[in-house]
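The form predicted on its own is given below as one chain in structure tokens.
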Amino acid sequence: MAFEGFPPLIADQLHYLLNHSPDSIKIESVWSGNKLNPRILDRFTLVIPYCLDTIKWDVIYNSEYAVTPPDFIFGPDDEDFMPCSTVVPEDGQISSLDKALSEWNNEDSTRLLVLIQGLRDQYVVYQRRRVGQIDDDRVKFEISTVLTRKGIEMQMTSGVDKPEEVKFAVPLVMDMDINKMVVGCPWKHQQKIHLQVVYPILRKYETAPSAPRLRLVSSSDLKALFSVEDVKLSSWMDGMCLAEYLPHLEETLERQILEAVSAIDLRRSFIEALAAFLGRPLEADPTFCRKATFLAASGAFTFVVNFFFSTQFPKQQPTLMLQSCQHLNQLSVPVKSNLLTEYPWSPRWEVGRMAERLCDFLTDEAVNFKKYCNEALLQY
């Protein structure tokens, strides 16, 4: 994003925050508090990931006196969040937030990130304390069984039109480093999978707690290898707790991730098998083998074939899109076909037969595509 309008020192801190935060913080809006020159921006709203959702904090600098750290306005549901209280920690150690404030230096571009991280650490403690005060035996029991796991976040949510709920974000622990399992992996950050668990608060008139809502959430980059949306979660049985549910889930994910890594080699073998019929690809995804492009011909008619692979290959066949090298529409864009998925396919075939049957289909489809291209030009 551009930082025009911000004083240079504030712009440097904001730039560093957005480019180095491990939490993918974003800016929602910006405005000015400078009455003498309203074109000078010194205030903005941050959207901060928390508990697999987001929280919004307003950051208030004073552009006329920028040597001091900014003020913060927290969300309307967090009126009791007072991170700068004078309570001394039990271990006697100075908090990361107090340290960030005492060491504030407006010329140090890293300080805003350090301050946000200190505030977020305090917010984790604040929400954990709120959840611990809830008069719900099930929630208290769940907290006691999972608190030994590192990185758990929890949140109390409520509103006028919705019931009180407790949300847990549980990082799943697997005996594997996903980043190191893919050759040539481009990921800069460690890939993670979390289980979001939402418990409705038990009402006094209710005799039994209802099952929590469960949702898997992963790092966005992981979708190139493995989509958690394809994972079928086990049913939550009566009387079950997270300590029972998590080990089986983690074991299932480990197995499916290993299968996803193996599928890369299978997709690569299929692309190599296509090359025997279509020639060397013009381009191909060398890491995850999710895309490949070949040049093909039917007589004098030349066209490009784009292959798109899902993580479920070969259970799910590739999606094809043809693109003419000789026909342009009125915008000078090559004419393309619709996405094609209806052709002979069986995941039980070996890759050579898959490629052969698909190329036989392309031989017939090329005639239809050429006709489609000629008709498309007549419409303009």
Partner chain sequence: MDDLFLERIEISGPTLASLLQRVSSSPGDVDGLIFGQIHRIVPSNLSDDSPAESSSSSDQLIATVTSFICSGKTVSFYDPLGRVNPRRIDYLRVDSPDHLIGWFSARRKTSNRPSMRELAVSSSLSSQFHLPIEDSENPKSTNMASSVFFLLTTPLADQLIHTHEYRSFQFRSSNQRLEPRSVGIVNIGPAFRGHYGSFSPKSGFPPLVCELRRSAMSVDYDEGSLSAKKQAGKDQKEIDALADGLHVGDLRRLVGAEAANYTGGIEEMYEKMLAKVESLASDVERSSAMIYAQDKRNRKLRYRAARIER
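Residue numbers count along the first chain shown, from 1. What you see is a predicted model; the values in this text were computed from it and never measured.
Here the subject shifts to the form predicted together with its partner chain, a form of this protein not shown in this document.
Which of 30 to 38, 328 to 336, 343 to 351, 310 to 318 has heavy atoms within 4.5 Å of its partner chain in the model of the complex?
Comparing against its partner chain in the model of the complex, the contact stretch is 30 to 38.
Is Val173 a contact residue for its partner chain in the model of the complex, using a 4.5 Å heavy atom cut-off?
Contact with its partner chain, no.
Should Asp71 be classed as touching its partner chain in the model of the complex when contacts are defined as heavy atoms within 4.5 Å?
Within the cut-off, so yes.
Going by a heavy atom distance of 4.5 Å, is Phe81 a contact of its partner chain in the model of the complex?
Yes, Phe81 sits close enough to its partner chain in the model of the complex that at least one of its heavy atoms falls within 4.5 Å.
Might Asp98 be said to contact its partner chain in the model of the complex, defining contact as any heavy atom within 4.5 Å?
Answer yes; at least one heavy atom of Asp98 falls within 4.5 Å of its partner chain in the model of the complex.
Taking its partner chain in the model of the complex as the reference, which of Ala366, Leu9, Cys359, Leu18 has a non-hydrogen atom within 4.5 Å?
None of the others qualify; the residue that does is Leu9.
Scan 97 to 131 and note down the residues that get a heavy atom within 4.5 Å of its partner chain in the model of the complex; none is a fine answer too.
Heavy-atom contacts to its partner chain in the model of the complex: Asp98, Leu101, Ser102, Glu107, Leu119.
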